[in-house]
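In the block that follows, a single chain appears as structure tokens, in the form predicted alone.
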Amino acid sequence: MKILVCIKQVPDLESRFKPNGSKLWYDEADLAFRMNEYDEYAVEQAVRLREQLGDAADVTVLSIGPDRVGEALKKAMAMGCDRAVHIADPDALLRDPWQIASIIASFAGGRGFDLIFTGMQSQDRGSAQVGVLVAELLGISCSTTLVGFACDGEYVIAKRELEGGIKGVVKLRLPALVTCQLGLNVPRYPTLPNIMKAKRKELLVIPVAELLATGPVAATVSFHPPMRKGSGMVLEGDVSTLVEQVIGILKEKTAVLR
């Protein structure tokens, strides 16, 4: 079974964010980067399936972006992926979901992947569109927001999280694509021996120009932090005193009690 995992490198959410000079994305100068959290679940599930099937399975991990995404690919290989593909694209941050999906589909088409794993969405853009677009472009079945997974080599049994805490179960014939989210598994930490092994695994670099043949269908017009809101007020004391204070503030500063 040939398995493909698509991952993205995103800014660490603990970083301090500010728009860049073009006002179209983050200023990356002071940002730390990591593998997208949802993609970690995808990598873990692919590696677990690889371990289940043994030598009958082969896992390729793919990422699009500048040179720095090599670190995320190395982590995925240290987690257990067999090889990595880096689609070298210094302008990946300007690509819309349609272009990203088109690049992935151009690579995957004709290579005979039986199963493709992606994260539910990326933590920076959060569009949740790339996975389903790849499936549509490849003409394969798709299931999203997985919290449960099983595969017998011919079918995938996918448990999906729906609204209101309800779960749905679907059965997909391979080839198929699934998107993974929190609750599906617990991603492993790469061990030192596996980190050393990852350095010897194949890492293929492909220029994006060889795969990108479509323009964007959506464009970022502006990128800015939310407007600052007025400061809040903290009141302390007995309930009876607080009630009088609140009433006084509402009368003085608002039209609620006028």
Partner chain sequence: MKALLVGEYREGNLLDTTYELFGFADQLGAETALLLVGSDSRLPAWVGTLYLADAAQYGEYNPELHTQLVLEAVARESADCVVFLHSSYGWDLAPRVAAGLKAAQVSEIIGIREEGFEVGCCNGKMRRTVKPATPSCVLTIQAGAFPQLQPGGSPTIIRMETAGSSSLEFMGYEPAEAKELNLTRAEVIVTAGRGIGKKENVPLIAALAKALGGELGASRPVVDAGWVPHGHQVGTTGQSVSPKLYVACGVSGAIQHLAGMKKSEFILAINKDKEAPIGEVADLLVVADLLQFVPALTARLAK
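Superpose the two forms; the largest set of C-alphas matching within 1.5 Å is the rigid core. Not measured: the values here are computed from a predicted model. Numbering follows the first chain given and starts at 1.
The same protein also exists as the form predicted in complex with its partner chain; that form is not shown, yet it is the one meant from here on.
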Would you point out which of 83-91, 106-114, 67-75, 126-134 contains residues with a non-hydrogen atom within 4.5 Å of its partner chain in the predicted bound form?
126-134
Quick one: in the predicted bound form, does every one of 141, 160 and 221 get a heavy atom within 4.5 Å of its partner chain?
yes
Just checking whether residue 151 would be counted as a contact of its partner chain in the predicted bound form - the rule being heavy atoms within 4.5 angstroms.
no
Residue 120 versus its partner chain, in the predicted bound form: is there a non-hydrogen atom within 4.5 Å?
yes
Does its partner chain come within 4.5 Å of any heavy atom of residue 99 in the predicted bound form?
no
Is there any non-hydrogen atom of residue 22 lying within 4.5 Å of its partner chain in the predicted bound form?
no
What residues of 1-39, in sequence order, lie within 4.5 Å of its partner chain in the predicted bound form by heavy atom?
13, 14, 15, 16, 17, 25, 26, 37
Under a superposition restricted to the rigid core, does residue 248 display a Cα displacement of 2 angstroms or more between the shown form and the other one?
yes
